[in-house]
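So here's one chain in two forms, each on its own in structure tokens, numbered structure 1 and structure 2.
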Structure 1
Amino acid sequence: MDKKHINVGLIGYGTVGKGVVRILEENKKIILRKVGKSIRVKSICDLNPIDRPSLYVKNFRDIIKDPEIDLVIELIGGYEPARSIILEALQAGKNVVTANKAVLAKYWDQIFTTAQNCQKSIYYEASVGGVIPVVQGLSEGLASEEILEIKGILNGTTNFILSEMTKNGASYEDALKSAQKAGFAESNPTFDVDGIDTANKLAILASLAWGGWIKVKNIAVKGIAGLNIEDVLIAQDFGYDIKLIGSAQKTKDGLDLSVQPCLVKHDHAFATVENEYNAVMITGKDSGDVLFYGKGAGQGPAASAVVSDIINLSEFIVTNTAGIVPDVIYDMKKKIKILPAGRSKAPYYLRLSVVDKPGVLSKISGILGKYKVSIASLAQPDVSNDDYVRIIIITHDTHRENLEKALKQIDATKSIIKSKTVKLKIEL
């Protein structure tokens, strides 16, 4: 490549886009040393005019069709037009960097097949875990490994909310507002709190780890939206924190995939992960546990990961080798067996609200026993009011479907139950 600069076209000039332009400008010397050429933002496309009028273009196709542009950065998020931008850019012979986990998880096959056919590269480190180099860690650092398990706190917004509730007794609503103000949340924060964002990121990591396409619809997803502060506080008393965990585990009957709020012991590695920080534990057959940790959301961390992708990809652009070897070896024919959600096995925390009268406990334990749910410990923390009491049960490992059947029957026993039983997985 004989041009003086690598020319970049940026589509989406929001929180992360502005951070990318800033870091590219501030770190010019570092970039020149690493790439051997400077990286220049040639055009920026956004819905609204921007503070750099000389770079502004209204239509994203003006960037895609510009023969001088080497690299298209997609930072608008969402499904469309993000999908079209990525596909059209690859087809036009551009390499692509994106932070868009939603579009990658949903169109994984189409995007990587197009990249492979066009012999162009798409880098997406910022799509999972913010600044944490987990995509690179998994695809390069752990390239030799048979991956057995991936577990992670993958959403900064929900982790921030849970930390605020636990440490400062903040209400769910106030904590969410602070997370939005800090620029951690998605434009539609239900993606964060309902666990969809975590599921998108888990689908990306699992697809990378097991070489197929793990679809979000194969993941059993539960967010933190309905989480009661009462359970956060009781969990604390019992020595646990509550974290939203995405988990993919290889079992002999298929991949066990879930996103759900889980109890973790205070001394668990995930318990110390607070605020917008993320952590991912990857277990390989020979490597054992490998822990990745860092800021998972926010302008600086996300923009830093995007710029790292731009630099890493530019090193290949300079030598005209970007995309010659596909970034994701995607085998469309590979079928990955998924474990039905009900067959998943784990210990659980249960909070029952029951009337305080003789025979209630034996009724509950009888139903649990009937469905092979074994009790590890049981407590009646205090009398919450005259009408009912709380019973906290920690179970041994149990199949989710058995537990759900037992709780359905327990909750239907209106003579003893005051409100729906809460169940939360315990992550060991």
Structure 2
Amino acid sequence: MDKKHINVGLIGYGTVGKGVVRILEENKKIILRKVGKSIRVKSICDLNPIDRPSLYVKNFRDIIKDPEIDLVIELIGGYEPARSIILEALQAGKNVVTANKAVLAKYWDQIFTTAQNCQKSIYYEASVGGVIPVVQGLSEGLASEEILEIKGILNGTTNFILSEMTKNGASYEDALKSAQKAGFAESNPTFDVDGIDTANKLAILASLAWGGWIKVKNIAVKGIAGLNIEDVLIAQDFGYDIKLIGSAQKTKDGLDLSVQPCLVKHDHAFATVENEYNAVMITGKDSGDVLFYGKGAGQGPAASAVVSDIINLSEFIVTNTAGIVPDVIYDMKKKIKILPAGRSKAPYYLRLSVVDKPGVLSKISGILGKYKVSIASLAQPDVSNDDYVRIIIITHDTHRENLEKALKQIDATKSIIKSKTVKLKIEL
């Protein structure tokens, strides 16, 4: 390449987009040293006019059609027109950088099949874990590994909320308000607190790890919305913290996939991950556990990951080798077996609110035994009133479907149960 610059077109000039432009301008010397060419933002497309009028274009297709632009950066989020931008850019002979986890998870097959057919690259480090180089670590650093398991705290918003509840004893509602005030939660936080964001990221990592397309619909998802501070405090007394964990585990019967709030021991690596930080544990057959840790939210971390992708991809653009070898090996014919959610096996924390009278515990243990749910420990916290008492049960490993059947029968026994039983997985 004999051009003086690598020209990039930026589509989406929000918080992260502004951070990308700032880092590209502030780190010009670092970039020149690494790439051998300067990287220049030639055009910026956004819904509204921007603070750089000389770079502003109204239509994203003007960027895609510009023959001088080597690299398209998609930072608008959502499904459309993000999907169209990515596909049209690849088909126009442009390489792409995106931070859009939703569009990648939903259209993984279409996007990477198009990239392979067009022999172009798409980099997406910022889509998972903010500044954590987990995509690169999984695809390059652990390239020789048979991946056995991926588990992680993948959403900074929910982790901030859980940290507020754990450290300050805040209710879920108050912790959410704190997250919104700190800028880590949107005014409508559903995407985060219902676990959807974590599921998208888990789908991306699992698809990359096992060479197929893991669909979000195959992941059992439960978020933290409405989590009771009582369970956070009781878990603390039992030696646990509660974290929202995305988990993908290879078993002989298929991939066990889930997103759910889990109890982790105080000495577990995930228990020390607080506020907006993320962590991902990848277990390889020969490597063992490899832990990735860093900030998962905020302008700086996200923009830093995007610029790293721009730099890494630009090194290949300079030598005209970007996309010749596919970055993601994807075979649309490959089918990955998924373990039905009910067949997953783990120990569980149960909180039951029961009437205070003789024989209640025996009825509960009888129902659990009927469905092969074995009790590891049982306690009655000093929290009660005239109407009911709390019973905390920790189970041994049990199939989820067996436990759910048992709890359905227990909760239907209105003569002993005052409210629906709380069930939380224990992460070992």
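Residue positions are counted from 1 along structure 1's sequence. Just so it is clear, the model here is predicted, and its values are computed rather than measured. Take the two forms, superpose them, and find the largest set of C-alpha atoms that agree within 1.5 Å; that set is the rigid core.
Of structures 1 and 2, the form predicted together with L-homoserine (HSE) = Between the two, the form predicted together with L-homoserine (HSE) is shown as structure 1, not structure 2.
If we fit on the core, is the Cα of F184 displaced 2 Å or more between structure 1 and structure 2?
-> Yes, the C-alpha moves 2 Å or more.
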